[in-house]
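Only one chain is included here, represented as structure tokens and corresponding to the form predicted alone.
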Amino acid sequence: MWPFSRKPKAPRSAPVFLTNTLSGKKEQFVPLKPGVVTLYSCGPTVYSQAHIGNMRTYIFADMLARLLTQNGYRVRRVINITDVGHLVSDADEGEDKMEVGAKREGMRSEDIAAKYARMAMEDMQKVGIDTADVLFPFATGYIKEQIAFVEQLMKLGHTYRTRDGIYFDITTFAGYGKLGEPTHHTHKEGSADTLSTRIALTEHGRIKHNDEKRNPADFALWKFSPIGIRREQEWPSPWGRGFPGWHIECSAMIKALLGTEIDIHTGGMDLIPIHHNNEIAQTESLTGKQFVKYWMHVAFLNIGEDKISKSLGNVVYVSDVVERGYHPLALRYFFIQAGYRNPISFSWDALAASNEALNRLWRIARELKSETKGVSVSSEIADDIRRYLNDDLATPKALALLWETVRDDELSPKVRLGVLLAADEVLGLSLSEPPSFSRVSQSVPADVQSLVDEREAARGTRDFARADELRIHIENRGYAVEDSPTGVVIVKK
């Protein structure tokens, strides 16, 4: 039995609809195998810390897995860890990012990979991703499988050799580029040469000229170590000592762990024109079968007018969110206010508003759980929440209905709690087990925190006169004190 799969809920009859990048249309989800879903997500290249733009794609994949589980499917999930082969240019040029990172920090590549993989998984857990149900394979753990994959492609006539490596010839695969370009999610007509030229132009020079490449978009399956240079990460192969190209790892690991055909493949929209088109070409050339049934891509996270990117230096990390006094789940709340296919712009003010809203939801959840003693009932509203989420994860609609419901005093507390719990099964905001204390929009200043601690001590000794006096001092400093059944909440006014 697959060791990493989320236990499904009771089977549901409601259909699930997903937007498929391959067709450019919203389609009803039908798995390849009844009751089981294979889900692969492109993961981090662990030469440095994953940023919140990366987290958006992982949170989306987590919600998708939750949604499918809620609908009765057993979900088998893989998120790869790239620890070799991803060069500084996606066009197979330049140094390996892992070796660049290792030199930067004076560490071995395997150590820097372990460090940043651990940090990435810790960040995922902080933003509510259940990593216990995910298999995280490292690319370096599947070198033999990648070599075998390339050997099979060579036998089938899809490759050629240059001085620096073994390349895939895109003209040998008639469907090359079927995922299209980042802003056009439909099939492109025309020759592979025409498409590769168009991709080269839209990628702003990431595909560079190489005299030995037959076509601009041909890509490396295996790169030879430079003559006279000993790489930290290199392996023997039938063609010479070297290392795998970036794209081959996903195809090889999917084949080894999930099979030659899978249900869903997710990633950021920036992976469409090169990485994911290349995955399709090499896998379908090998198997002769459709590689992925549903491709799903997450839109960019922007800061100002620019996409968040390590190369631009405009990154924000989960650790930055925590250091500023926000709960990391506020980042998740911020993301789900927009549909996953819509770009969203990050700002600290927007995150502050999300943090405040999430704290209000947690406060309501505590009150409802106390009032109902944790007993909830099902309702048509809860079914509507599920229907919105089943419709291509329409999180903004689900969130709006959730707020409308919890604010409706005419509904019974048990109905409102039922709606809140139904939404949380997919949204993953810890509404079923809200934290007992969290700061809201900014870090609580030390002097205010000292007053809060003193007030709690006074309440503990039943010195309520002193506690009331301290409350006034706290409010005079711009913070409100709210006592809930499970603890005190400090809210910036």
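In this text, residue numbers run from 1 along the sequence as written. As the structure is a computational prediction, the values presented were derived from the model and not from experiment.
Just so you know, the form predicted in complex with a small molecule exists too; it's not on screen, but the next bit is about it.
Colleague: Given the stretches 145-153, 294-302, 350-358, 158-166, which is the single one in contact with the small molecule in the model of the complex, using a heavy atom cutoff of 4.5 Å?
Modeller: Looking at the other structure, the answer is 294-302.
Colleague: Just one of Gly242, Gly128, Gly180, Gly268 has a heavy atom within 4.5 angstroms of the small molecule in the model of the complex, so which one?
Modeller: Answer to the contact question: Gly268.
Colleague: Work out which of Ile308, Ile81, Leu399, Leu258 lies within 4.5 Å of the small molecule in the model of the complex, going by heavy atoms.
Modeller: Going through each option in turn, the one that passes is Ile308.
Colleague: Indicate whether the small molecule has at least one heavy atom within 4.5 Å of a heavy atom of Thr57 in the model of the complex.
Modeller: Contact check for Thr57: yes, within 4.5 Å of the small molecule in the model of the complex.
Colleague: Residue-level contact is defined here as any heavy atom of the residue lying within 4.5 Å of the small molecule in the model of the complex; does Cys42 satisfy this criterion?
Modeller: Residue-level check for Cys42: yes, a contact with the small molecule.
Colleague: Contact with the small molecule in the model of the complex for Pro434, defined as at least one heavy atom pair within 4.5 Å: yes or no?
Modeller: The answer is no: Pro434 has no heavy atom within 4.5 Å of the small molecule.
Colleague: Test of understanding: in the model of the complex, would Lys369 fall inside 4.5 Å of the small molecule by heavy atoms?
Modeller: No.
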